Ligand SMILES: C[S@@+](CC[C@H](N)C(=O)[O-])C[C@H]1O[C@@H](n2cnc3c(N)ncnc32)[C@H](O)[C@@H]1O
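Taking the form predicted on its own, here's one chain by itself in structure tokens.
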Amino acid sequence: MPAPDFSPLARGYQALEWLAFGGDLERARFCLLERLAGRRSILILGEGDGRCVARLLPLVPGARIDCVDVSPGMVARTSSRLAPLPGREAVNLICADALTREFPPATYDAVVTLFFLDCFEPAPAAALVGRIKAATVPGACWLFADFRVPERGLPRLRARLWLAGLYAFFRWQTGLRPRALPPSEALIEQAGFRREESRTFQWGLLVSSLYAARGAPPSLQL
């Protein structure tokens, strides 16, 4: 089946986010971004409209960044956003499906997936996380932000209603197939990463976490 294409939403994506959640989606994306300072080889999956890599560039001078997104419209939007920025030549924009894209083994010391793994059903998400792990080096970190369903009460009910509406909208607009979140955080931990820091927004509906490869010396974990 064809991959979902977010191209029709590329120009208005930021406005849609603000209408739905104010600035909390951006806060979840970027609240831990500075923890990547000093990293040298970074893989960003599902970059979207370029806001992440644009903010990241000044934090990682000299780093090589591979940016993968399946939607041509989003890649074009990212390219336009990066065009006037110093360090643009360090970014390799790749229009490809992460499920079929070959990642070079043992290459990246940081991985970034911001509101990306929610686009996959559990089995493809598990396979993808395993392939991403194989592309990292010892001491790598993983910056993750996504939706989450709280464990109980009104926040849980609110999250389930929001997610049902969001999945229906993106299924209509982009062809996105999943109808529920995969167990992304558990999959990252099963791949050998340990959560070092985490923040939540919107009554727990949004989470941002930094993971470090287990067994890495403390100086390499963050």
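When you see a residue number, it is the position in the sequence shown, counting from 1. Everything quoted here is computed from the prediction, not taken from an experiment.
Just so it is clear, the following notes concern the form predicted together with the named molecule, a form of the same protein that is not shown.
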*asked:* For a quick test of understanding: in the predicted complex, does each of D69, F115 and C119 have a heavy atom within 4.5 Å of the named molecule?
replied: yes
Only one of 57-65, 43-51, 151-159, 192-200 sits within 4.5 Å of the named molecule in the predicted complex by heavy atom distance, namely 43-51
Q) Does at least one non-hydrogen atom of R39 fall within 4.5 angstroms of the named molecule in the predicted complex? A) no
(Q) At 4.5 Å between heavy atoms, is Y13 in contact with the named molecule in the predicted complex? (A) yes
field: Distance check, L93 to the named molecule in the predicted complex, heavy atom within 4.5 Å
entry: no
| query | Would M74 show up as a contact with the named molecule in the predicted complex if we use heavy atoms at 4.5 Å? | reply | yes
If we test each of V129, A98, L143, L82 for a heavy atom within 4.5 Å of the named molecule in the predicted complex, the one that passes is A98
